[in-house]
Structures are given as structure tokens and as C-alpha cells.
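Coming up is one lone chain in C-alpha cells, specifically the form predicted alone.
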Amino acid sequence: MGKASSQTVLILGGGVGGVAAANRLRKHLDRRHRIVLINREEDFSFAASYLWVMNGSREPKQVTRPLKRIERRGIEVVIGTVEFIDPLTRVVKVSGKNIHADHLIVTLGADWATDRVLGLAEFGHTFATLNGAQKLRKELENLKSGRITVVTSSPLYKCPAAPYEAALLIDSGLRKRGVRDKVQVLLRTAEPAPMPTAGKNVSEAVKSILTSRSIDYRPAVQITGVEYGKIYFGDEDEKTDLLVYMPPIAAPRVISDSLLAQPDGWIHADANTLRTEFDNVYAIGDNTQILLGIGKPLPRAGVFAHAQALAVAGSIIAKINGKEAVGIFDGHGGCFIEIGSGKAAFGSGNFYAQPAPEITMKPPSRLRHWGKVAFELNVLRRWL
């Protein structure tokens, strides 16, 4: 195979996966090949740090960077809305303009579907967006007594550790302010156990941490509606003074309306190569649905989007350079679980193991907290 003439790699989405892929491609492809990154927002923000914005240990400007900064590396950045994707021709309509790609990476994430639970957005607060984390921070600072309830609004959501981290960081903040004895912290989740995809040992470890912090945890309850001061779980209801939620998610409409989507609305890419059924079209990150051996989807988390991005970039680099090598995502990954007081636990392993993922959980320590800080710095300084 010979080297290709000038090629255009188009990346839809400027999150962790998109930025990682763009950087890797630019590093290993000569400048006659175009790397074009499309994103709706002008800024990249590191979602894994939103919980730190919530608890006051980060300001928004510390976790946000202008995407245009990566243009200095030879990556073209287009700010616009992806309106239509034709995977057959690899033509994408962006804010009214058609762009053709020789290689296409789709990493548009997942959309929030807050409207699926009546009253959720009106009467609740979320840490899942940067703006939401800022507003929630003020609510937490002003609350001195009562009940705080953290909920997952659906069994399917981004970042499986996040709701548990939220409850633990809220608990830690209340203790720091000296009001924890006057505030109840409750955690209600739609899934049957903490981070169930990671296995029983991880679930039990997380439950033990919750118990040690006197967090009232109740699994397998689905929130169905919210009123002022009241949460409904089917026929049951509970009072609350502050509702904190992780929103449900849905596939972006531009994907679910395209030929890329399966009946569930998501892209079912190959588990290892992230290829779709269309030539030179790949999908990575939250907009993909990859089923594991246990029948549950691979968790939607930045660590997987990052690893998938490097695998796909490797495949595209090889193809453009006339080589046979193919990048492979092997299902390995891990996530930090912040518990407050400068400590974090860490769960990692092989999510593609058969018949079930093989994940180990390392106990909370200050070293693991600094490991998460190092990852944050690596993303914001090295990539942007």
C-alpha cells in the first residue's frame, strides 16, 4: 500500500475523545493532510472536574479552555452545529455548509434528556453541566439544615461514579462547614447497586464508603416526578430541601435521525476498532452503544472516549500512511472516585473480560486524588 494523497479527517465533537483524536492525528500525519474539528461550543471544558466546581475547589476558568487554542498545532477548528450526517458519502452539514471527509470520526456525546422526568429541571439542581455545578455550589453554601437528596434519573447516564462522588463530596463539604449533623444526605439510584457494571466487589466497596459517611443510600428506585420540596418514586414520595440530580441521556437527534443509528438511537460501532458499517467512518465516546458480555453497555466515561480516540487515530494514521496496522481498543479502563478530604479511590480493569468485567478497586488515598489532578492537568495543558 502506498501513502495517500492529501486527505481530510473530520472530527465531529470537541470533547475528550475529539480533542485526543485530533492531537494524535496531527502529531503523526504530515501537514498536507487536514485535521478538522467541529464543535458547537467555542470552549472545551473538562467534565470530570465539574464536581470540583460544585464543591468550590475549582473555578470555571480553571477547567475551561478555548478550542481555538489547538489551531496553533495545525488543527482546524470550526465552531458550528452539526445539522446532518451522510455516512455513505461522508458529507456533513455544519451550520448550513457541507464539509466532505475522507475519514470521519463521530464523537458528539449524548444529549441531556431532563424533560423525561416531570419537574426535574424546575425543582432540581445538577452537577453534570458547568453552569449547573456553579448554581449548585451556591445552593450548597447557603444550606445549613434539612435534607439533600442525590438521585440518578435513569439507569443510563454519563460517568457511573459521578452520583456517588457527588454525595460523598457534598458530605465532605458539610463536615468542613460544621453543619453535617444538621443535614441529612440521601442517595437514591435507579440502578440496583453502585456502578453495577464494574461488579460486586466494586459495588460493595462503594456501599461501605457511603455507610461510613452516614449517607442514606437506597438503590433500585426510579424517580418519576418532582414538586417543590417533594420527590416521587412511583407511588412513593420523599421530602427534600435540595434535590441534586444526574440527568438521563439520549442520543443526539442528528445521530438518531441518521443512517448511523440503530433502532435504539445510538451508534453500534465495533467494540475493538470502533468502525461503523460505513467505509472510513468511526464512532467513539458517549454516542456509541457497546454491549458487554453481561448484556450491559460499556459505561460512558471520558477514560473510554480517550482510549477509543487513540485507537481510531492509530487506524486512520496507518491507512493514510499505507500501512496495515489497526488501532485496537481492548476494553481496559478505570475511574477515580472522589470521596472528599483530598482522597480518592480508583477502580480499574478489563471491561471486555468474559463472562463479566474484571475490575479491582483500590481504597481511597491522597495519592489517588493527586492522580486525578494529574489527569486533569494532562488534558488541559498537553492537549489544549
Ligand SMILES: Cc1cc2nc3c(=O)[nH]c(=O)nc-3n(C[C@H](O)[C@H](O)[C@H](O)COP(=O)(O)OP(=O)(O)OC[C@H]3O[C@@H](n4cnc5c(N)ncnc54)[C@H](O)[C@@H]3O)c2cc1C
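If you're wondering where the values come from, they're calculated on a predicted model, not measured in any experiment. When you see a residue number, it is the position in the sequence shown, counting from 1.
Omitted here: the form predicted together with the ligand. The next part is about that form.
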*Scan P196, G80, P155, G74 and let me know which has any heavy atom within 4.5 Å of the ligand in the model of the complex.*
G80
_Going by heavy atom distances of 4.5 angstroms or less, which of A205, V254, A190, L292 would be at the interface with the ligand in the model of the complex?_
V254
_Partner proximity in the model of the complex: R40 to the ligand, non-hydrogen atom cutoff 4.5 Å_ = yes
*Report whether the minimum heavy atom distance between L243 and the ligand in the model of the complex is within 4.5 Å.*
no
*Contact of K362 with the ligand in the model of the complex (heavy atom, 4.5 Å)*: no
*asked:* Just checking whether G124 would be counted as a contact of the ligand in the model of the complex - the rule being heavy atoms within 4.5 angstroms.
replied: no
_Within 4.5 Å, heavy atoms only, one stretch in 225-233, 141-149, 284-292, 178-186 touches the ligand in the model of the complex. Which?_
284-292
*Using a 4.5 Å cut-off on heavy atoms, what residues in 95-117 are near the ligand in the model of the complex?*
T107, L108, G109, W112
